[in-house]
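Just the one chain here, the form predicted alone, laid out as structure tokens.
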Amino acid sequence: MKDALGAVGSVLVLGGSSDIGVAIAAKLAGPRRATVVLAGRHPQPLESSAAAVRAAGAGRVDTLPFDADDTGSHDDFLTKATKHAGGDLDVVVLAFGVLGNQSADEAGGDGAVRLARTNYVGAVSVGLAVARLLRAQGHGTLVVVSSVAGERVRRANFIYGSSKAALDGFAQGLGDSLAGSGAKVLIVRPGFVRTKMTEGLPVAPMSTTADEVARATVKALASGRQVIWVPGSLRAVFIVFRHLPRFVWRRVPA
């Protein structure tokens, strides 16, 4: 449960080796020495992330196996994660996702389907399970790490972008469904984030860092906002982009 100053006591990160998820957990953990649970598929990166969150001031950090694609396991997983967090979850960060390889996935194989399964189907499954848990608690926030790539899907990365568009729409509806319950959804729409997932890719204009996304997220949680853009100037940019004719939009550089 949050204290009188709004500091959280427990954080669960789904995608616990994500640079953004870890940065958010690190910033939330310090003020109250919160309990943090990092969940993901690969134990070694989780342990490295756990060390970083401990160094940031967390009181206790546990790691748990979690597979977004194993939708049948999500309810049981959340029961276990809640116990590790001390019986209560103040903030759940949905930070998992795969970027894919647009050209390779267009050419064939099951890459596009696997991307959609993880980024959207897995998120819907665990997102609904988290919502049920937070509704029963009567408090808590699900932070959904979306992307500006889903605001208007580009030719250059339409497989990934479409999965984020679907995720963002789901998160908006989920937040509306929780109105009045005490539970909330915060949607975070970063631009290009310089992380290990994007390493080697051309850096887009108005790029940001995991630390900047985390700072904006913590500030938004404190103020009760429902949607943020990082950097904030991207909101104005996409107001324009949304209204560009399609023949112009197709020519936007990759």
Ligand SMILES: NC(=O)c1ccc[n+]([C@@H]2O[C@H](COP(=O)([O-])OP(=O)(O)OC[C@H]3O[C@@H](n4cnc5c(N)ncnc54)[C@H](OP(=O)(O)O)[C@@H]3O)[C@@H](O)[C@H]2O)c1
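Computed from a prediction, not measured in an experiment: that's the story for all the values here. Residue indices: 1-based, along the sequence shown.
Here the subject shifts to the form predicted in complex with the ligand, a form of this protein not shown in this document.
K.L.:
Find the only residue in Lys196, Arg225, Arg60, Arg215 having a heavy atom within 4.5 Å of the ligand in the model of the complex.
P.N.:
Selected residue: Lys196.
K.L.:
Applying a 4.5 Å heavy atom distance criterion, does Phe192 contact the ligand in the model of the complex?
P.N.:
Within the cut-off, so yes.
K.L.:
Is it the case that Ser146, even though its partner is missing from this view, gets within 4.5 Å of the ligand in the model of the complex, heavy atoms only?
P.N.:
Taking the distances in the model of the complex, the answer for Ser146 is yes, it comes within 4.5 Å of the ligand.
K.L.:
Indicate whether Val130 is a 4.5 Å heavy atom neighbour of the ligand in the model of the complex.
P.N.:
No, Val130 stays farther than 4.5 Å from the ligand in the model of the complex.
K.L.:
Should Arg33 be counted as a contact of the ligand in the model of the complex, where contact means heavy atoms within 4.5 Å?
P.N.:
Contact with the ligand, no.
K.L.:
When the ligand is placed as it is in the model of the complex, which of 131 to 139, 175 to 183, 68 to 76, 151 to 159 ends up with heavy atoms within 4.5 Å of it?
P.N.:
So the stretch in question is 68 to 76.
K.L.:
Hey, which residues along 92 to 113 are within 4.5 angstroms of the ligand in the model of the complex, non-hydrogen atoms only?
P.N.:
Heavy-atom contacts within 4.5 Å come from Ala95, Phe96, Gly97, Val98.
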